[in-house]
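So this one's two forms of a single chain, laid out as structure tokens and tagged structure 1 and structure 2.
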Structure 1
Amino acid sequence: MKKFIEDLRQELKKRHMASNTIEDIIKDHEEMIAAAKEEGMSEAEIIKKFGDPKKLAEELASDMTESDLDTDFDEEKEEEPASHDDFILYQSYVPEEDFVKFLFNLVSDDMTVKVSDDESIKVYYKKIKNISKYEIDFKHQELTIKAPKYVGFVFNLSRGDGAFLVEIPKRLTISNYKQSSVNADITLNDQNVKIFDLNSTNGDITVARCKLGQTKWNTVNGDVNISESTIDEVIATHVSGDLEIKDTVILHDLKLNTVSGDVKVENSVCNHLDISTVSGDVHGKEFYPRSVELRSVSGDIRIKNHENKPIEIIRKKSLSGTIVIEHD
């Protein structure tokens, strides 16, 4: 019944009811639900009795007087929290379990995922002219956000200013985060993710203070920045974007293939480092892998540490680049 109550609350907000009126309505319905449960009614029977939250909100709004309405709203925006930098709330969802899945396919719209201040998943957006063309839904613990397709199923590849913000309760674990993006930046803060899978073209990826399990990304012309995180393992491919890892623990392997992108790793550790670069340079400072496989065509690979910890060199090969592991 939590989902029914939250959906009703959001539908009432869309009809610009005053906050005190909304809370009175919610309180009345919570009391009626409690009474129905005491009479032995099941949740399915209660939901059937009250009906669809949208239709219920429409019926309640039709009986409202002017004093029940919020007269201070901006007609162009359903909701615009000052603390969210002009983002508009699209919808809130109440998860029934502690695990959720995310599936995002976006073009020219940035995505930020951060911690919510309550127990609901909130989807915000800004600078998107027609949000109704997007596929946005939360079913079976999976949040889906997909950009509209155009004639012939060809995406509009021009860079836009649109953006999504998704907030989720801190207690939740993202069992699978999968995103494909073109011309879109991705930011993930303070999240616990079991499987993290990204494909990005012309967009930057930023991860901070996260706990990630199996992690994989493929980028073209986009930078990746990882900081203050713990990751089980990383398998990554870069064409021309740079990678920076700072203050991060990688419990198992860091496997990276880069063409021309540079790599910088600082104050971090991993079990096994496997890097292949064509012309990109690799710089490690206070970076402590236990074993390494280093391959380069023309890019330089240099790892310089203060502590003289042993690093097993399994393979080291370069055509014209320099490969150096040294200690101060």
Structure 2
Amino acid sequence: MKKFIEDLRQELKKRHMASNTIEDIIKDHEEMIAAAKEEGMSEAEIIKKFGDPKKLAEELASDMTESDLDTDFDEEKEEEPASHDDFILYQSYVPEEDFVKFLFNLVSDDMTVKVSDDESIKVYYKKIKNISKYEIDFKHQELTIKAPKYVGFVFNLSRGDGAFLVEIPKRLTISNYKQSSVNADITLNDQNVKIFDLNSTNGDITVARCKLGQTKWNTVNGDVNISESTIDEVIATHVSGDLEIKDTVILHDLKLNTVSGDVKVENSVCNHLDISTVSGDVHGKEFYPRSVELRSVSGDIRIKNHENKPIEIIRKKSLSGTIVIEHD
């Protein structure tokens, strides 16, 4: 069982855990293994019962708080050049029209889209080792960035820290933004997007100061954060990721399907709010939908507003969830 303990220690170190946290976890495991041996379990049985130390480390790392992380590691990191300078220019493209389309298929590289005063579209990247294997192209006003496809099932889902940065001229509208990715975070600032379509598993989605048309996203664990934006319509699916909307106008419907993800809306309006959830709650503050619809097992809708604008409850179908609208 020494190997299990050693492997576990290595995997925890890899994830930059503080040494006292690692020792704590190792101690617990030495104790549990000793208890298993005392019950007469064989090495092989114990190995089977304890499972893969890598998976264990991954799971533990995803629950870590700041005090569990190795702060020395952050200091080392600061010696590297500042974050924006890390980016290397891959290619500039000159757009011929006043719109652009994005098609991104990524695995774990983060994507940030920003405006610039420049007249060309610029693609930057950082910490991506095999950039030559990526398919990056600009044709017929469409920018494509595709991560290399892996043959078979050798899919490394561990979170890399590679990233792309795309800068586009202010005057451009994004007529279509389509991205699918697994672990990538997506950040979109100051953009005008007509059709916005995202599919993400774990990555977070952050949208600030944007004008979005038809907006659709599916995410499993990722959180979505929208602020200071105007959106025509939102159709979204979450599993456990949370949604936060702040200072945003949604002209038509906000339709969300979630299992346990919570929703927080502040200082925003929408026409119709349609929520299907198992246990996720909706908390609104200064949130003025014209009408609401709730289907849930235990999820609630709670809205607290200053102004007493009418909010029509069109339908409520819930086992134990309630809709509470309060004014102060």
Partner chain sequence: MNAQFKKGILELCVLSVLAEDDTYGYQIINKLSEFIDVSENSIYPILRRLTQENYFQTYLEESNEGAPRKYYSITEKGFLYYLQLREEWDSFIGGVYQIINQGGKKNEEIYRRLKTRIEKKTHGE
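When a residue number appears, read it as a position in the sequence of structure 1, where counting begins at 1. Model, not experiment: these values are computed from the prediction. Rigid core: the largest C-alpha set superposing within 1.5 Å between the two forms.
*asked:* The form predicted alone: is that structure 1, or is it structure 2?
replied: Answer is structure 1, the other one does not fit.
_When the rigid core is used for the superposition, does residue 21 move between structures 1 and 2 (threshold: C-alpha shift of 2 Å or more)?_
Residue 21 C-alpha, core-superposed: shift of 2 Å or more.
*Superposing on the rigid core, do we see a C-alpha displacement of 2 Å or more at residue 36 between structures 1 and 2?*
Where the cores coincide, residue 36 still shows a C-alpha shift between structures 1 and 2 that is 2 Å or more.
*asked:* With both forms fitted on the core, check whether the Cα of residue 52 differs by 2 Å or more between structures 1 and 2.
replied: Yes, the C-alpha moves 2 Å or more.
*Could the core-superposed CA displacement of residue 10 between structures 1 and 2 be given in angstrom, to one decimal?*
Looking at the C-alpha of residue 10 between structures 1 and 2, the offset is 43.1 Å.
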